[in-house]
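Before any questions on binding or motion, here is one chain by itself as structure tokens, the form predicted alone.
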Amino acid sequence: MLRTMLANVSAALAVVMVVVSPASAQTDPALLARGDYLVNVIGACGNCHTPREKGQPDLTKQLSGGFQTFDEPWFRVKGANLTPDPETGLGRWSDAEIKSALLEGKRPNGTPIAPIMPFPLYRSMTPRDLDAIVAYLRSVPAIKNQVQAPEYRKEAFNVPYPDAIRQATDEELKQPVKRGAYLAALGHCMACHARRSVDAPPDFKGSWGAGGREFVSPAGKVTAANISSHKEKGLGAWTDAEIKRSLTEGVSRDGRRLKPPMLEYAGYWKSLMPEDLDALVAWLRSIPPIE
């Protein structure tokens, strides 16, 4: 009898350990803080996934679904609800399924995610940063907000994966240029600055940093800048301080206020850690000059 009781207790403890361990990981303060930083600072996820009120992000509905519609030749979509709401958000997704969406652009049922979600650039994410994002998304308030279903218009899109993007190591992230490249991937800089037109996917080889993509918004038409180290066409003649001001304040070298979407990203990147800003500048300096 005693042996049976002890066996039952051991089995119960095993179950408790299985249940508690993931929860404890998701309440690790350091992990949650890192996830907050990745989602709300360098990732600027709210720029596509948070509703707006009078042009400003509505933080009472943070990450519950984007306001704008991305209308491209291949698809018509809005930013998804990333909160843990079980009906309209990620509440029923497993950790592995969230990571698959981030790295492979796949939903739990296997259907693709439109590549306006820059998952080709997220492949560099370290395992701990993936865990941090999942933990943070589990921690935000669940908000019921049904986002319109995606509409796919053409054959399956062929998403180009950059050859240079692979999972980074913690050791590599100690090197400024590699750390900057990692941060730029999480900030999906090349989703705009390696794309010539909305009618063509990003060119992660021939147009790496060249810019050229046009955006149309209430603020008018704007073209993604050349961010290569070209001294005339790009950032080659800019000082480090000028680049940092552009990233964190949305102000160009000549004092001109940048237009969206870059201006909006500056609202997130103003909270970048100094060492991360330094790393981004080092990375930008390393991009070969391109016309």
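Just so we're clear, the structure is a prediction, and the values are computed from it rather than from any experiment. Start at 1 with the first residue shown and count on from there.
Not on display, but discussed next: the form predicted in complex with heme C.
Quick one: Cys48, Lys78 and Tyr122 and heme C in the predicted complex, is every residue within 4.5 Å by at least one heavy atom?
Checked in the predicted complex: all three residues contact heme C.
Among the candidates Ala168, Ala142, Val177, Leu102, the residue which, in the predicted complex, approaches heme C to within 4.5 Å (heavy atoms):
Filtering the options by heavy-atom distance leaves Leu102.
Find out whether any non-hydrogen atom of Arg256 is located within 4.5 angstroms of heme C in the predicted complex, and reply yes or no.
Judged by the heavy-atom cut-off of 4.5 Å, Arg256 is in contact with heme C in the predicted complex.
Can Gly187 be called a contact residue for heme C in the predicted complex at 4.5 Å between heavy atoms?
The answer is yes: Gly187 has a heavy atom within 4.5 Å of heme C.
With the cut-off set at 4.5 Å between non-hydrogen atoms, does Thr60 touch heme C in the predicted complex?
Contact check for Thr60: no, nothing within 4.5 Å of heme C in the predicted complex.
Any chance Leu130 has a heavy atom within 4.5 Å of heme C in the predicted complex?
Leu130 lies outside the contact set for heme C.
Give, in sequence order, every residue of 31-46 that has a heavy atom within 4.5 Å of heme C in the predicted complex, or say none if there are no such residues.
Residues within 4.5 Å: Gly43, Ala44, Cys45.
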